[in-house]
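Each of the two blocks below gives one form of the same protein chain as structure tokens; they are labelled structure 1 and structure 2.
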Structure 1
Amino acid sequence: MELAGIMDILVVGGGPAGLSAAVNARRRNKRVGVIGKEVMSSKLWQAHRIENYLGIPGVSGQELANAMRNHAEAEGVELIRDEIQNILFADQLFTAMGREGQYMARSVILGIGVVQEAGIAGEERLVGRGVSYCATCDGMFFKGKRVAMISYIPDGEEEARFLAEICGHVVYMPQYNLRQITDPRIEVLKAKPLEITGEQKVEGLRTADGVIPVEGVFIERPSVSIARLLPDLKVEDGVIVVDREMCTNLPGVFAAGDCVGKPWQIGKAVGEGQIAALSAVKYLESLPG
């Protein structure tokens, strides 16, 4: 399904928080799109048996995930599989840039789960100067050049193959248990990245064995860091700061679920998703015109 036109509310993340927000916003007759990196929250999917979700003791994560998704679809929520890379605001509209497309909305609810923040020395400083998180978006800047890809998840293998089509040489550094990459254009290096080096732009990648010369470093993590998603969003101790109405410091941006803090629980995520939706509806109604 495509999300053509302008949504009232764009929900980022298809877990319990995001889907609860979406269903509740639909009940208020708003046009709602949910963009999820996965078909359904992998966290919920992993939960073998859930005993504390009120009314359905002993439900499996998969059963609950399917029920939530079916509920959202039956309410007319538009579900799209994509990963949002960052969100821009201009002319009273939010534009979320995904790997596959761009999505426009008048308000945004973040239900992105627990997010890992940037961690490699030099990474933050060299973002946009050779450090990238999206091969599709930035691969062409490195045409014919030597690049490295550090990947914490198997999805990076596909990205590395894509880069190999464009770049001269790709060094693939899996930070998980890689079985095999057979592509001769990709050099696999099983090492821990210690530092991305370079002053004005990326010049190399330091491991325990020395510095590998590269002009670009692509990083693939399970989730996009909040700082990259929305640079002006207030974050403290790794969680998005919200008030009791699930409002962030940015007007029109709301957040719910694990991404706003502990306890990391389904019941909390669902409740906060509902509050975020009602706050987003209130915000939309306060807009001129």
Structure 2
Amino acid sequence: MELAGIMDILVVGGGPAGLSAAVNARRRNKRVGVIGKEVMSSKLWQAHRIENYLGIPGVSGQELANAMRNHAEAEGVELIRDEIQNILFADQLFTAMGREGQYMARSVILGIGVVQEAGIAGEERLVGRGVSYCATCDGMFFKGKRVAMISYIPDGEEEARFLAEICGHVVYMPQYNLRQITDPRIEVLKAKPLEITGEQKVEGLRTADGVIPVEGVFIERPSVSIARLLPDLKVEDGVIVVDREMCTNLPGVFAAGDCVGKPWQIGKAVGEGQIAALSAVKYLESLPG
């Protein structure tokens, strides 16, 4: 599926903040597209029981996630699964570049959750020299070789299975509560990655138990770094700086949810998503023409 034409508001991130923003913008008759790397925030999806969401205590994360997504679809929100790599602004329009397509909008709301920057020793230094963030893009470079997949979200399981079709051996290191992988071609190792080793190229992956020899390391995180997404966006202490109207330092760009700081709570994300939507609508109404 593609989002044809120009959106009024493009929401990046399909968690509670993003879907709340989308629903509230649709209620004001704006054309809204939501693009997310995940079908729904894995953080919410994996919650066994939620007791502090007003009005519906005891709901499971999966139930609440499904209800939010169904609500958005019923309102006419256009949903697409893709990972936005960067966002450009020119001629009064934002162009979001994804792995699967390009999307244009008059305004943008970021609901990208907690953004994890490069945090493994050796990772940044070895990007492009054995460290990759896209198995589909770079998997063929490691045909027949031994690789590791470090994943912070369940989507990494699909990437690991893809690599297993190509590579000689795949070590899967989930950094979340993995239920099960039954593919015999994948070795599951529940350990924390401490360092990616190698001088000119990746040679291994160090954990508390020693170094695992690999020639490639793939890393799957919920979202790309803010610096890659929007280089001029103001960020302090790892979170996007916004005012009380959820406006960023960039006109036409708004943010809500975990990416703007603690507390990381569903109620806060939903409320901020609503405010961001109202601010985006106000911004659109101020545009000429």
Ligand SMILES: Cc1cc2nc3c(=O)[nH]c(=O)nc-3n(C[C@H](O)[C@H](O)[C@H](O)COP(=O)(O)OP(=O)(O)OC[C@H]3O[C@@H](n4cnc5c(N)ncnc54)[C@H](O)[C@@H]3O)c2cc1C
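In this text, the rigid core denotes the largest set of C-alpha atoms whose superposition between the two forms falls within 1.5 Å. Every residue number counts along structure 1's sequence, beginning with 1. Just so you know, these numbers come straight off a predicted model, no measurement behind them.
Between structures 1 and 2, only structure 1 derives from the form predicted together with the ligand. Relative to the superposed rigid core, the position of the CA of Arg221 differs between the two structures by 2 Å or more. After superposition on the rigid core, displacement of the C-alpha of His71 between the two structures stays below 2 Å. Core superposition places the Cα of Asp138 8.9 Å apart between the two structures.
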